[in-house]
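We give structure tokens for two forms of one protein chain below, kept apart as structure 1 and structure 2.
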Structure 1
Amino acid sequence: MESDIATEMAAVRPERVVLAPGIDVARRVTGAAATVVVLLVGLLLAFIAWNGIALFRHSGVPILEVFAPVWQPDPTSGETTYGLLPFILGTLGVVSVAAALAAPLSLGLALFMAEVAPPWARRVMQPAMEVFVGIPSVVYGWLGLTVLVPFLAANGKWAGFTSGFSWFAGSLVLALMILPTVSSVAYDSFRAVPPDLRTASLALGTTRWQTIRHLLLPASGAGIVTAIVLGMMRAAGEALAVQMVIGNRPLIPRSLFQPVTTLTAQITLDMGNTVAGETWNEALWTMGLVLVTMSFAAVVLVRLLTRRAGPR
């Protein structure tokens, strides 16, 4: 009787597809797909790097000139200078202020959804956040251009705004853009903490807020760091929304209330004025290489911080 049951179970059990004995098709296919992806990423990075160093390799521009404070790439306007320092500092400044504005609000929203909100509120807020993530960046930029910039121009004279186009306007738009992204990643990190840990903490007599402070936040440290850095990298790679409100002046930022520019904004502004092979075009590729380097540094930073921010 038992042998009959075993025979029937073996008959209905799905078998792995193999090309030959010992060859697992599924594993081979997934391995090949992963290899193709790695090769594509490697080729893309190599292409960007090769074109990014053409400014020094082909045109002979000194590497240290990249850190000059003056950007004047048009040969018809006088002596050319390819200083990228205003764009690098502008990018770092806009992204840092946007992260400083968005991080507390995002973490507070994620904590509310994960630990405080009733189920019906969570069911409403989660889809709402997903909708905000999917809104095109040009919509944020258009709102900033038509609402935020005129408001700052009309009401910000006391703060030193020369116009509504400013570093602060760009950071506000980016903070609004990355808020749902940071909130979603942080929420998933909070929900990943085992419920047994919360129950054990409450059983020891701690309050909900003590549990959040001493258990949930330390246990979710790696996810929080990842959420903030991912939001910053999305902000660093944004071009159109920032370009519409930031003023686009290639000057080293000295005040939150002055117009500045970023790497991505300058690439989109100048890409139509250059042709492949000229020094100006090669300088734009160098900007792209700087952006890739910043992204790579952010990935390394996440790896290092998540090792230290994990639960102890």
Structure 2
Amino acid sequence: MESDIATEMAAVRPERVVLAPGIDVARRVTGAAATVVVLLVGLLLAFIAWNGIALFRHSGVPILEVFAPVWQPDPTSGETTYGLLPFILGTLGVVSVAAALAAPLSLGLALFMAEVAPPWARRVMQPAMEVFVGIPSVVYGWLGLTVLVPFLAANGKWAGFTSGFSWFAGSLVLALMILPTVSSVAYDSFRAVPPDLRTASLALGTTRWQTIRHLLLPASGAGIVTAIVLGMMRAAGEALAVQMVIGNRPLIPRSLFQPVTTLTAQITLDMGNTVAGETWNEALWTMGLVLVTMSFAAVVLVRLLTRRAGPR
């Protein structure tokens, strides 16, 4: 009887087990797939950098001219100046005001989700925030164009709005778009504060708000800054929604209530009107290079912040 089973077992055993090292094909294939992104970064960086310096290398524009305050790229209307300062300052200005508008709301929302919301409210908020992120930026732009801009034009005369197309309109639309990003990153950093610290604080006879204000916010400082930087990064890269409401005037930004422009908006507008090899076109690539430099700097900043926040 026993030997029968042994024979049967031997029959179903598929083959001899080999204990020998071989080439792990799966490891190689998946490794290659994972490394694609490294190649893409390298390729992208090379292309943007190479095309971005064509303005200096090919057209001989002095590097420092980039920091000039005047943008006059059209050779048919006189002396050209490829000053990118209006765009750089425009981007920084629009993004900063957007962050200032979005930060209080986003942090409040993150605190609500992390500390206050009962389970049912969290179940409502989470999908809602996903929808918020998911709405395409052109839709936000179209909303800004058809609702916000006319509203500002009609009701903002006293503040100095003329057409409604303005720095402020751009910042407001961006603030709305980055709100979910900032609040979700801030939420994660609030959740990362160990729950027993909250309990310890409450056991000392403090209120929930005191615990938030004096324990939670200081403890997640680096996370909050990270959230805002990531939000600003997203805002700086946003093109179409901003372009639709900002007025696109390539001047050094002076008033919140007047049209300005950004790097992304100008690329969006001019790319189709220029031809490769033209100096004007090369200046657009230089704008792209500036944008990539800015966003890479933000990534490095976030890395430093997370490292600081990491080991508690």
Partner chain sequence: MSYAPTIPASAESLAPTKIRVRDLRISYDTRVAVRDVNLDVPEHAVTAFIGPSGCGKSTILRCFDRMNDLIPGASVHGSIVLDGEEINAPGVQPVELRRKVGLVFQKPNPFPMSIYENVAYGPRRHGVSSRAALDEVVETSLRRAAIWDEVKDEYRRKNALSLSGGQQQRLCIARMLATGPEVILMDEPCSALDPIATLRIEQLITELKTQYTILIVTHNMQQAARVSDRTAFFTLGDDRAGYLVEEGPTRMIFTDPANRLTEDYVAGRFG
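We call the rigid core whatever largest set of C-alpha positions still superposes within 1.5 Å between the two forms. Residue numbering: structure 1 sequence, from 1. It should be emphasised that the depicted structure is a prediction, and the values quoted were computed from it without experimental measurement.
Undergrad: Give me a 1 or a 2 for the form predicted alone.
TA: The form predicted alone is the one given as structure 1; the other form is structure 2.
Undergrad: Leu289: with the rigid core matched between the two structures, does its Cα shift 2 Å or more?
TA: Shift of 2 Å or more: no.
Undergrad: Could you check whether the CA atom of Thr35 moves 2 Å or more between the two structures, using the rigid core for the fit?
TA: The answer is yes; the displacement is at least 2 Å.
Undergrad: If I align on the rigid core, how far apart are the two C-alpha positions of Leu301 between the two structures? Answer in Å.
TA: Spelling it out: core superposed, C-alpha of Leu301 shifted, distance 3.0 Å.
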